[in-house]
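Okay, so we've got a single protein chain in two different forms coming up as structure tokens, structure 1 first and structure 2 after it.
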Structure 1
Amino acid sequence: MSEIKVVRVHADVRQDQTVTTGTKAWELFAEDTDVIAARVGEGEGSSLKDLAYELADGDVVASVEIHSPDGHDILRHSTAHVMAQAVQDLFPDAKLGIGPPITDGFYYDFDVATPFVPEDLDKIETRMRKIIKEGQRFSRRVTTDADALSELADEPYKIELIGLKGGAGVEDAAEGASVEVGAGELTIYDNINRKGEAAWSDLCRGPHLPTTKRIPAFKLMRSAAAYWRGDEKNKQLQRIYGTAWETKEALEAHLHRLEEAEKRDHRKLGRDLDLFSFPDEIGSGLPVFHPKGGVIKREMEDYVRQRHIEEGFDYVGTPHISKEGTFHLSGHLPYYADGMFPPMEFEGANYYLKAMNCPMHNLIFRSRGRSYRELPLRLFEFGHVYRYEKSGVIHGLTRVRGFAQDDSHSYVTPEQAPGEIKHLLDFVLGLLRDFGLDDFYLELSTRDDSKPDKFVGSQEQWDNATDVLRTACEESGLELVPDPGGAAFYGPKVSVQAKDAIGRTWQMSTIQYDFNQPEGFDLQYQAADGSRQQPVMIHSAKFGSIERFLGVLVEHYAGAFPPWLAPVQVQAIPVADAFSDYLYDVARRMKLQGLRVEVDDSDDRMQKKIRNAQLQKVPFMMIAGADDVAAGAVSFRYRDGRQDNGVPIDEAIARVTAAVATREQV
């Protein structure tokens, strides 16, 4: 037995060690039970290994702790295996799809004759606990394609994955498919029970926990259908989502976070705060704004209209419907017909509800001859568009069938395009800042070169436009996520992606480069040399959709809006009836300053009025009783329970006015 040298890295401490050949990774970290795997190598070339990995001379071996990001993935992926074993124990005919770790959890897809129901999840959980208790060992076994194909003859989906292995297809095959089959050697993990037999096996790249007993806490969350390999044309498999954590406390904390997130859901707050509703009578995905929601919507509109004017845009207006020719000119009809409501036929023409505003703006541009001196020509409006969204995708205000875009189009010379893109990006980022949004990233949507029929224009045009957008984004210093294939048919797009309370990301602001519609509409301007030139058109929407932005805003603030957006800025509460008139007088003075004030002169006791104002998340509660009247003052109470008694009336008005003007949160 000879000796080898390795470097042990644990808790940020590097340490050279000499061990005998045949030493396993776990022996380096045996004293720390949080260590569940090892990372061997450093930087790009490093890879995660099971603790059963046999050390090689020169290895740099870092511990992977269960609560680290890598550790979470390994824990969750291992739990997915346990779940799959439990499912196949209980439902022997279930065929395995894929089972990767995801943010906060994992899933596994199964092909079963009957979809799972909630009671099935209970049974599966019970079975999983038994497997965990048995302490089955995850054992790695290298195999060959041929052996794996025969061993997995009953698993058609795994066989399909083996067929993709090594090819370009693996990463594209399905989200998470690469955890099943890596690009390198093919491995199978056996779950070895106490008798030393393989209780269950799965094709998997690994690594895994040493044993099932190392799963401290897990819970199955829900089941749902998912298309095999993410393709609508494929069969739907039944997916079970679960979550797993390093401790029971961490699991509880996670479940608590989910509960808290539900309380921020804009659909719930929209009802509780009387902001908006979705009457069935009108139709799915068609919201109505109540007076309080209307205030927020109007503040948003006032803000963005004013800002557009400041940024050099002209405010225009266009109709909601148009004869179909407009959308043929724009190129939308062949590409986008499925996304539009069916046409209405009358007077021998087909009229469509518009799904976008650009064609209308193009017609404004084309209404007379244009000079290069007019460029950039910037048109803006609140364009109400209607899109035929599939019934299953409608979601509160964030995915609707009728919505208003704060839509603008900048017509520029090709040379002006980069500058205009930067201008628009700065505009958008400033808007997000003013609305207090900070949890977002940029996404660059480009064309899918493998589907040229879905995109108009030459490779050169696309490359050029994409470069212009990418450069502007990179200069912003923000995180930029690529979105290949996500572009509109007419050009690449930059978008702002923001998260809602339950972690779903929504596309908000967009900036799109368009070299196609100017051609379709034969848009021209006369250049300095007298020649006719084609402008570049840049679409941008700063909120994206007023509705979606408002929905995200509700969740961002959990309904506790900063004063400038709050439907009621000041709720006046008399200590007793006798002080109502005094507060009405203060309220009248505040209203003269443009503030939104309400006096609660109901029969309720003041404690109840405070509770009501608190539940309505009003930023300023303005209370007055005998003491305040005597002092010519009012008392403030804030949403966090903070109090400020005896504030002179003039100062009180100034304080609220200042909070509104500076858009600060209180």
Structure 2
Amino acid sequence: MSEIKVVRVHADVRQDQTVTTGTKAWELFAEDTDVIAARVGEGEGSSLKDLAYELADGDVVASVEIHSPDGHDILRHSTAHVMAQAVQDLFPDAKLGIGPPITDGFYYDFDVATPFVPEDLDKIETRMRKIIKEGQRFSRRVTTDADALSELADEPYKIELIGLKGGAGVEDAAEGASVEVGAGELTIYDNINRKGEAAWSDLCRGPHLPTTKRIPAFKLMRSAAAYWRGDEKNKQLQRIYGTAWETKEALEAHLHRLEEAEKRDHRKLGRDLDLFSFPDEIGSGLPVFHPKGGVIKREMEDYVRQRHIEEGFDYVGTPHISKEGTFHLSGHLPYYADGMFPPMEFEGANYYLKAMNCPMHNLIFRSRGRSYRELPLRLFEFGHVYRYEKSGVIHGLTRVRGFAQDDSHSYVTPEQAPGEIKHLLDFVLGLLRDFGLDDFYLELSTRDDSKPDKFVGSQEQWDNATDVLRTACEESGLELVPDPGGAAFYGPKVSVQAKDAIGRTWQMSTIQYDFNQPEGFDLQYQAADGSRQQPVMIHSAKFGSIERFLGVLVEHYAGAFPPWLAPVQVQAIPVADAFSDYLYDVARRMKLQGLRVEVDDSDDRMQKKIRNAQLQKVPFMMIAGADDVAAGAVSFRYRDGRQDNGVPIDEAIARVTAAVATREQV
């Protein structure tokens, strides 16, 4: 056997190694039991490989640990295969759809005669454990289209996927389809049992774990209906969701987070706290805010409006609809047509509900001549927009069809762009901190060069815009995570990914660099030398969507808003009816200070009133009895159960006023 040279990358160490031909990747990392796969190559040209991959001369090979993001995907994809094997063992007539890894888990779609029930999931889990215990080996083999079509003749959905292989639309043809077919060679994975036989096989690109024994902890979560390839015109399949983790402790921690998330579900809390609802009569994804929810929404709007003014923005207003030509100028038609509601014909023209505010801000900029002395020109509004989201993705306030954006656009010279992006980053990070979100990182979304028809502009324009955003992000000192292919069609963007109180990550504020719309609208300003120049347009949304941000806040705080946002800041509770007038007078004084106070003069007993205030998550309670009235004081009770008796009225008012003014997280 001859010798070849490879570069082994492991634990931040690069080491040139000489090995013999036929050496497998696992031999490089045999000493580390956490390694489950290998990444071969560097940069965008690298790819994930099974540990059984045979090394070639000059390969750069990095380890993939089970606890890494790539490792999680491989673990979960492998577990999805085990689940599908178990399903077909128990339900031999089940036909296979697709089974990709997803955030924190995996799923697999099946065509079965009757929907799965919880008892079925229990049986499937039991069978999966037997497969895992057997230590079946995942074995990759290359096949031809013809051979695969013959071998999978009884799997109609796999046959359909093979027909998509190599097509430009395979990524969009079915969610997760790319884990099975792609532009390269076609492969099948066999699960090899102890007898050396293929116990089960599936069309798949891989990679996978070495054996099923490398699956430490998993759980099947639920089943649901799902249309094949996400198209409502197709047959409805049964989807089983599961999760898998590198240790039993990690699985238990995940399940605890899910339990906590269920308690914090903003849809449930929205009902319990009487904040908002979704009347069927209005339509799916179109929320209405009740008085208490309206208080929170107004406080958010007042805050962000004032902050925009302080940061140099001018408030503007634009209509909800526009002639279609506006969206042709912006490029949204045809690039974004599927995300917009159908047009309405009126007076011989097509009108669209706006899905974004930027085209109309461009028309404000273009309404008269502009000078470089006016730049940066910053425009801002609460623009209500409408997007045609599919019914399957609508989720409470966090995914709706009608919502208000705190939408702003900065028009700057190219030289001003870096400074403006830094200015906007500082703005949004400060805003998030004021709302109690202070654990975040940045994500840089760039163009997918393999899909040039989905993006406008030259490579030079994209490179320049991306460099400007990347530099500003790096100077912020925050972690920067790449998001290849996630850019808008008109330019790259940076988004703030914030963690909530239970560690979930939410995409919050966004900043986008746009070189397309200024050209489409022929925006110009007069430069210092008298020439006409094109400005750079920078989009920024601090909340993104007021509705979505509110939904996130409800879950972050579990409904227990800090005093400045709480719909009711103080609940006044008389020990007996005789003390109601006293508390009404205290409430009047508080209201003069701008505080939101209610007096509970119902027939309920005092302890029931306290309990009601706790259920409504009111930050402060003021309780008054005979001793309090005699002393001109109140018993001051906090949401967490602490209580100070005999607090003078002026001091009680000062405590609440200070907590509101400082945005204290009580």
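Just so you know, these numbers come straight off a predicted model, no measurement behind them. Here, rigid core means the biggest group of C-alpha atoms that superpose within 1.5 Å across both forms. Numbering runs along the sequence of structure 1, starting at 1.
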Please match the form predicted together with the RNA to structure 1 or structure 2.
1
Of P418, D338, A261, E54, which one sits right at the hinge of the rigid motion between structures 1 and 2?
A261
Treating the chain as two rigid parts, what rotation angle in degrees relates the smaller part to the larger between structures 1 and 2?
28
For E44, CA displacement between structures 1 and 2 after the core is overlaid, in Å:
17.4
